[in-house]
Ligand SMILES: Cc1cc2nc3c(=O)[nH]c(=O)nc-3n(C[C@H](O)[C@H](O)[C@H](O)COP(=O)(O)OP(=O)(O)OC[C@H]3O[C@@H](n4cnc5c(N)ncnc54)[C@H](O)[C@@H]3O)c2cc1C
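Next up: a single chain in structure tokens, the form predicted alone.
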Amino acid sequence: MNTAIIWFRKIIRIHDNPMLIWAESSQEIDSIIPIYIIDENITGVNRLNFLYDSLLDLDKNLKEKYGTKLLICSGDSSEVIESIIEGTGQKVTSLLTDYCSEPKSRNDVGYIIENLISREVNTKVFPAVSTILDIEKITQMKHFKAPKSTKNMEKIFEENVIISPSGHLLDGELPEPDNIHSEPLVIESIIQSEQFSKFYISVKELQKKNYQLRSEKGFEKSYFLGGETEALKRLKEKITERPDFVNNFRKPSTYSTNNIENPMEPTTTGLSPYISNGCLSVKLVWNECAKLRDINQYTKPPESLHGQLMFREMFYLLSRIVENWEDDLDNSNCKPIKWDDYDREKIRAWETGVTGFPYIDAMMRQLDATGWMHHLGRHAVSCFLTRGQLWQNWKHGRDIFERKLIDADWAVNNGNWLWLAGVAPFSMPYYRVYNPCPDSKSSLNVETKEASFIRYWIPELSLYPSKYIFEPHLAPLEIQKLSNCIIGEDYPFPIINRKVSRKENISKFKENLQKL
């Protein structure tokens, strides 16, 4: 009996899963062994919760639809796969996995492929599973040029005939396999093998870990439930059933302070965690939007939903061809700005939401509690940390986002920080600095009349008049007392003079550019 290991990496789903489809149709494969190897570098509570949710959901779906289970492991990927091959008692002929563009992931797979050749195990890596474009194919084309805008991306899509005249993706058929087969005895023999057991995490263990994390964090703070089931439900509620929303969507016009009625619920789709974790196919999202497209009123890129997906593809392409994409040195997409040395107190205040700037603090507290933040909130806090007020290296913020965001994505996270720190070729002008104390006219799109978002995330200020809530240190002492919050005692004074720092930082950025 020929057996294939199916290694889920950037995808945690059944729909649009070419590995499962290939295994089902192949005459060479009799049964499969589905596995997932948890990245031990993921330490953020919200990220882990979302991942555990997603794995438990995938295991449940595999059991219900195909009568098989997911082998969940933690450890060195090459050692895990070696232990599975040793523990099957059957001939493993194939390792099927999905393409990942991160350097470490590509190196890991290359090492595994090389080691499996001697075992006569064929490794097949499926491209364009977590993206729309085949990243390797596109970036290796003779006339490929690094994109810097959605116009460049539209040209790439057009030249490679990605989209049909109706707006659908040409390879957008996303079937689920009808019947995939696993041998229960083989799966159990692997689980019982001594070599594999040290890597294996049972479903009960994972459920226990998940519950413990949620109970320690607080169940009311766990807003985004991970998994393919939840992803498809949210896709239906946020896109499929809302044609007007899709056609009129302009991302810069959405409120950064979430729904007024529910400070937890985004005014955008909130699908990014499901796409980045592979619970939801980005191709399916594209096609669902295309189905609803009204040619007379459909918003165009870059503001449309399709435009946002193109931005994501752009960062994936750039991250593959730009050396040192994640660094500020020897990176062609990063101007070598001389930032201040790491300032522990400033970084701590920024990360924990005690800068004395309520809008910044509310966003950072939301991130810590839920693992999510609106894109305009990300614009504001990253600008504040770097070129706006604190003059700290963008990599410090990037690392905190990488740990805490449930939609953390190596290509996109680095791309966003390069962009918002003002150091990339595609950045906004460095002198366009967001005001961390926004009013109703701010491009950050803040709800200021009720200010319910600030009151929710900064309960110390919940009784403040809206007039002062974004700059509470300006409130007369009498109002501070009536609001049960004395600035400097119950909530901090601003850690920096925003107007002075803005002026100084713009000057420093300009000087840095003149020296290049």
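In case it trips you up, residue 1 is the first one in the sequence shown, and so on. Since the structure is predicted, the reported quantities are computational estimates derived from the model, not experimental observations.
From this point on, the text means the form predicted together with the ligand, which you will not see here.
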Counting only non-hydrogen atoms and a 4.5 angstroms cut-off, does Arg378 reach the ligand in the predicted bound form? yes
Using a 4.5 angstroms cut-off on non-hydrogen atoms, would Ile138 count as touching the ligand in the predicted bound form? no
Does any heavy atom of Tyr359 come within 4.5 Å of a heavy atom of the ligand in the predicted bound form? no
If you check in the predicted bound form, is Asp407 within 4.5 Å of the ligand, heavy atoms only? yes
If we take heavy atoms and a 4.5 Å cut-off, which stretch out of 398-406, 361-369, 100-108, 153-161 is in contact with the ligand in the predicted bound form? 398-406
May I ask whether Lys251, Gly270 and Phe311 each come within 4.5 Å of the ligand in the predicted bound form, counting any non-hydrogen atom? yes
Considering non-hydrogen atoms and a 4.5 Å limit, which listed residue (Val412, Val433, Cys437, Ile81) is close to the ligand in the predicted bound form? Val412
Since exactly one of Thr88, Asn416, Asn333, Ser182 fits, which has a heavy atom within 4.5 Å of the ligand in the predicted bound form? Asn416
Counting only heavy atoms, which residues in 15-52 are within 4.5 Å of the ligand in the predicted bound form? none
